[in-house]
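Take a look at this one chain, the form predicted alone, written out in structure tokens.
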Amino acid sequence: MEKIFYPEVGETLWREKLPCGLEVQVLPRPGFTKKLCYFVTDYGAIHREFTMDGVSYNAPAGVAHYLEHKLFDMPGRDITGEFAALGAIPNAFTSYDMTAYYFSCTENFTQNLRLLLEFVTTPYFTPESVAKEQGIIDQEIGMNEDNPDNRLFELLVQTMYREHPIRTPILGTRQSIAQITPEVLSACHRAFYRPENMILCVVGDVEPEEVAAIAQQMLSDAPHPEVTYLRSWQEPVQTEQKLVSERMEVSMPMFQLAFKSEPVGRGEDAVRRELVADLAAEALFGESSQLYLQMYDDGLIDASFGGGFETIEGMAMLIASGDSRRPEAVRDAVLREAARIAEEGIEESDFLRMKRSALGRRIRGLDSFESTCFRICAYYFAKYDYFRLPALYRQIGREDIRQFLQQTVTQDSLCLAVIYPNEEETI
């Protein structure tokens, strides 16, 4: 295995691309009792159109999440119970652009690792089990529809986007999950759960070479199908509808204000652009910004207000959200402040403080096994080494922030989504 030391963050990473195609990355933490293991595929809810061995597929919405549930279902076995018997806590999640399976433990690490690799790579789908799962996920969909935070985000992206599959919830819809069959699940598992499309990441007091050896032993070197899948969608930066609202059982108006941005892509330039956007969000409406303090003093926002830069494969947006009785006044204040910063720039001292703070948060995040494992995997799929971020921060200047806000925070690219209380009149 290759051993890499990163002096700026004080971390040593071991990594290897196995003959089967799997990327293995291990971050040893000698002396710690906890061990965390992530097994992740570069496959999420948005990856629905693909070609495998020359055959085209267009999977129903919700298949990635459905697969996450079904892979825990093996004939005659209780996978969660087996982890528990080995002293491990397993879990999984599906996002728009990745699916992760993981466990944490303090003992029996190698047995737990073997179990993780086994169940994730062993598809078992029957008509009866698939039908049963539809009922479970249908209930999840119903709960999400009744959740104001989820509904607000869906309202926003369905209004802003026309082609990108972010328009459809990660869980899918009642109509789409009814189209999921064992054959659909098998095809998607074969296409996306190939070792070369995945990464195994471990943080803890473990032997890196033992982790790699177990993975190579458990995974097949047999040829895998040739797969390509849709990773970009034609979307204008301009938004057609600037304001959208609904009513639900909430105590006061909830809003999300977003500005559509060009997708960042993958690689070093893309990650640098993401860091610039994060800093721009902090300069515009972070808790120490002039705008935040002024809106708070004016009673336009409360402690629920916050924002940042959200990027998913094929889309990106600067977004702020919170509760406010005057969401349109918040929108106008954000536009004015962005225009001011774009014209005047930001003070050098403020910029350096923000940059130090942002990098400091990243480095402190390495104390969290969960945050570290997740980011190693996410940045691997983004084609960048997460531990090299300090070098990228040094490349960013005040002018980058000014230009980003000038290009992104505009009337043309915005959309304001609001959920009003049932009993109130729209402001």
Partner chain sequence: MIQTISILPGVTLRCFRDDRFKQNSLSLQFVRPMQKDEVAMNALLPAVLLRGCQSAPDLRAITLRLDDLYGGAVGAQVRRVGDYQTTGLSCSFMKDQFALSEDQIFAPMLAFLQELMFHPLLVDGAFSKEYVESEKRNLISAIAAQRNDKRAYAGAQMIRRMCKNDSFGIPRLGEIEDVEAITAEGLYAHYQKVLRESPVHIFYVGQRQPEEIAQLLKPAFASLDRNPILLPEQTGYHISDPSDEEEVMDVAQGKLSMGLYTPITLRDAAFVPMQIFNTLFGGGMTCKLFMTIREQMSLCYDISSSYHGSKGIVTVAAGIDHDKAALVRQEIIRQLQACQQGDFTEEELRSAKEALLSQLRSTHDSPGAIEGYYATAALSGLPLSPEDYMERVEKTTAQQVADAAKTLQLHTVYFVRGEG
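Positions refer to the first chain, counted from 1. Please read these numbers as outputs of a predicted model, since none were measured by experiment.
Below: the form predicted together with the partner chain, not depicted.
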Original post:
Just to confirm, Gln217 within 4.5 Å of the partner chain in the predicted bound form by heavy atoms?
Top reply: no
**OP:** Verify the contact flag for Tyr296: yes if a non-hydrogen atom of it lies within 4.5 Å of a non-hydrogen atom of the partner chain in the predicted bound form, no if not.
**Re:** yes
Original post:
Given that the partner is absent here, does Gly31 sit within 4.5 Å of the partner chain in the predicted bound form, heavy atoms only?
Top reply: yes
Original post:
Given that the partner is absent here, does His69 sit within 4.5 Å of the partner chain in the predicted bound form, heavy atoms only?
Top reply: yes
Subject >> Interface segment, criterion being heavy atoms within 4.5 Å of the partner chain in the predicted bound form, picked from 151 to 159, 256 to 264, 82 to 90, 195 to 203 >> reply: 82 to 90
Original post:
Does every residue of Glu49, Glu328 and Asp332 put a non-hydrogen atom within 4.5 angstroms of the partner chain in the predicted bound form?
Top reply: no
Original post:
Though the partner is not shown here, which residues of 123 to 150 have a heavy atom within 4.5 Å of the partner chain in the predicted bound form?
Top reply: Lys132, Ile136, Gln139, Glu140, Gly142, Met143, Glu145, Asp146, Pro148
